[in-house]
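Before any questions on how it binds or moves, here is one chain, the form predicted alone, in structure tokens.
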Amino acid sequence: MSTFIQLLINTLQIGAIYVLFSLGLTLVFGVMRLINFAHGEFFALTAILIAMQMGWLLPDAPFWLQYVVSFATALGVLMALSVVIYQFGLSRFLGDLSSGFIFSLGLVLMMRGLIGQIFGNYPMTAPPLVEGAIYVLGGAISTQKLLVAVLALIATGGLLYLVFRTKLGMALRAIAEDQEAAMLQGIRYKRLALYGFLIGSSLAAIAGGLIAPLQVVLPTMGGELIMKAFMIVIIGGLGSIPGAIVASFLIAALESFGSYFIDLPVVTIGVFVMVAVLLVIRPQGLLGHVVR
């Protein structure tokens, strides 16, 4: 029983980060009809900026304060970068999936090169925020991982409230459902696309910021996660927010339980096979294909 509880705790902790990261990708596709391959670089850049700042920024302050200030600074940098990328690049390819695809791939290569040149290609670490562990029904989770998972779920809840309970969210869902009809109702598509892109980028940044104190930070760390995010988006349904949430915890459960009972590489192969089969029998994914 304690093993099952531990694996369930691992699933919730991993799934919370997957949800946050994949929702940004889902939102961008739903609103802009673009697949942002640079989503992983946004994630990695934020983690790198936080890891670099902690230690020399406010050196006499508590770790939590250093982390908060570093997080805010990194988020601000990424938001400014996202505005530049949108205004001088992505805005020209709205709704053009093939051109946006090519631009996005080029953006990945450019950002990886620049990150390597500016910050180096060596691993970095951020000090832990809190110590200790919490025990639940025979399972254990470090206090820091629990804090990160809770913050990720809070951010996810905030996104769900924004999308389903605010005027901005209604406008984003209207654009995702039918762009032309939404524009006929007076919705400014390009402005809404910018808002959607910024929200999606901020979710990648928050996920990167939350993961920074938990593992070694590498410039290439976004590459593996972006592949998992694409699988999550495909399984859940392109543009479907509920689908992304369900698929995130499904993938997390398969990794957690599968790595214990079988082997993680075998589980990864199984997930790819599942995605291929799903594309054949239900190409729209488990829960549709639009932000709703």
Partner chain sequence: MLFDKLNLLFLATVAASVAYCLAVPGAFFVQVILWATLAATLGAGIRFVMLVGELNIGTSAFYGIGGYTAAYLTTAYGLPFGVALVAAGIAGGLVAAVFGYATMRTSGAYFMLISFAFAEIFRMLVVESDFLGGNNGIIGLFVSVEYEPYFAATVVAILATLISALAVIENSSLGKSFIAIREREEIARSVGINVLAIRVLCLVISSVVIAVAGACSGFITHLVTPNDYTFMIAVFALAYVKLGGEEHPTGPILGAILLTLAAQYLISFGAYQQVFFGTVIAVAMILLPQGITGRLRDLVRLTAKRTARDAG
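Rigid core here is just the name for the largest C-alpha set that superposes within 1.5 Å across the two forms. Residue numbers count along the first chain shown, from 1. These numbers were taken from a predicted model, which means no experiment stands behind them.
The protein also exists as the form predicted in complex with the partner chain; that form is not presented, and the subsequent description refers to it.
A.B. asks: 104 to 112, 161 to 169, 191 to 199, 143 to 151: which one contacts the partner chain in the model of the complex at 4.5 Å, heavy atom to heavy atom?
C.D. replies: Heavy-atom contact with the partner occurs in 104 to 112.
A.B. asks: Examine residue 67 and determine whether its closest non-hydrogen atom to the partner chain in the model of the complex is within 4.5 angstroms.
C.D. replies: Because no heavy atom of residue 67 falls inside 4.5 Å of the partner chain in the model of the complex, the answer is no.
A.B. asks: Could you confirm whether residue 35 comes within 4.5 Å of the partner chain in the model of the complex, counting heavy atoms only?
C.D. replies: Yes - in the model of the complex, heavy atoms of residue 35 and the partner chain come within 4.5 Å of each other.
A.B. asks: Whether residue 63 contacts the partner chain in the model of the complex should be assessed with a 4.5 Å heavy atom distance threshold; does it?
C.D. replies: No.
A.B. asks: I'd like to know if residue 265 sits close to the partner chain in the model of the complex, meaning any non-hydrogen atom pair within 4.5 angstroms.
C.D. replies: Contact with the partner chain, yes.
A.B. asks: Let me test this: is every residue among 14, 216 and 246 within 4.5 Å of the partner chain in the model of the complex, going by heavy atom positions?
C.D. replies: Verified in the model of the complex; spot residues all out of contact, no.
A.B. asks: Quick one: from 54, 252, 48, 238, grab the residue that has a heavy atom within 4.5 Å of the partner chain in the model of the complex.
C.D. replies: Result of the distance check: 238.
A.B. asks: In sequence order, which positions of 266 to 283 have a non-hydrogen atom within 4.5 Å of the partner chain in the model of the complex?
C.D. replies: Contacts from 266 to 283: 268, 269, 272, 275, 276, 279, 280, 283.
A.B. asks: Could you check, with the core superposed, whether the Cα atom of residue 262 shifts 2 Å or more between this form and the one not shown?
C.D. replies: Shift of 2 Å or more: yes.
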